[in-house]
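A single chain comes next, written as structure tokens; it is the form predicted alone.
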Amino acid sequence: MSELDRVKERFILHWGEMGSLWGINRTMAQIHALLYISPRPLSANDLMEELQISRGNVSMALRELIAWGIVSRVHIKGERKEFYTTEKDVWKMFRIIARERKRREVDPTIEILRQSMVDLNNLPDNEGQYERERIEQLLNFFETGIKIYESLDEKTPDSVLKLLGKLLQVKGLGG
């Protein structure tokens, strides 16, 4: 195995481990990692061979990655097979992932918290006061996080980095 192959393997395995810590299927993360570092689009057969995984695993993971919006099908002239690639711009890729995680995880949580507040506010004043306070604090936290996310999502990578740099300097953490 060449040094390049060792580096690629280490990266792919680590990305898979990180994916599972983030709540993403390990195979899905490994396929994403391989597509990310591949200089050319890869077919399902390429992915199966490189990662030593079954066609079914590749197919399910690709379907989910496409649904997330970070992998796309690519047609190569003269080829009958479908090929796949991923977003190579790190900022765009993480924006897509953040947007999808917000949609799948945060938005439903906010909706449950809002409905819980409606239900709690319909109780008599002497009932559910403690629960109302807890839920309201959580809802405020999530809604503030969404405002921050939406504000940052509108910004360019350079402006986000400048803002973070300023925050670090204010906190005395900057270099």
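When you see a residue number, it is the position in the sequence shown, counting from 1. The term rigid core refers to the maximal set of C-alpha atoms that superpose within 1.5 Å between the two forms. Owing to the predicted nature of the structure, the values given are computational and were not obtained by experimental measurement.
If you look for the form predicted in complex with a further copy of the same chain, you will not find it shown, but the lines that follow are about it.
In the predicted bound form, at least one heavy atom of V90 sits within 4.5 Å of a further copy of the same chain. With a 4.5 Å cutoff on heavy atoms, S151 counts as touching a further copy of the same chain in the predicted bound form.
In the predicted bound form, L138 approaches a further copy of the same chain with a heavy atom inside 4.5 Å.
Although the partner is absent from this view, R101 contacts a further copy of the same chain in the predicted bound form, with a non-hydrogen atom inside 4.5 angstroms.
Taking a 4.5 Å heavy atom cutoff to a further copy of the same chain in the predicted bound form, the contacting residues in 109-148 are T109, I112, L113, Q115, S116, D119, L120, L123, E127, G128, Y130, E131, R134, I135, Q137, L138, F141, F142, T144, K147, I148. After superposing the rigid core, the Cα of K162 is displaced by 2 Å or more between this form and the one not shown. Once the cores line up, the CA of L21 ends up 2 angstroms or more apart between this form and the one not shown.
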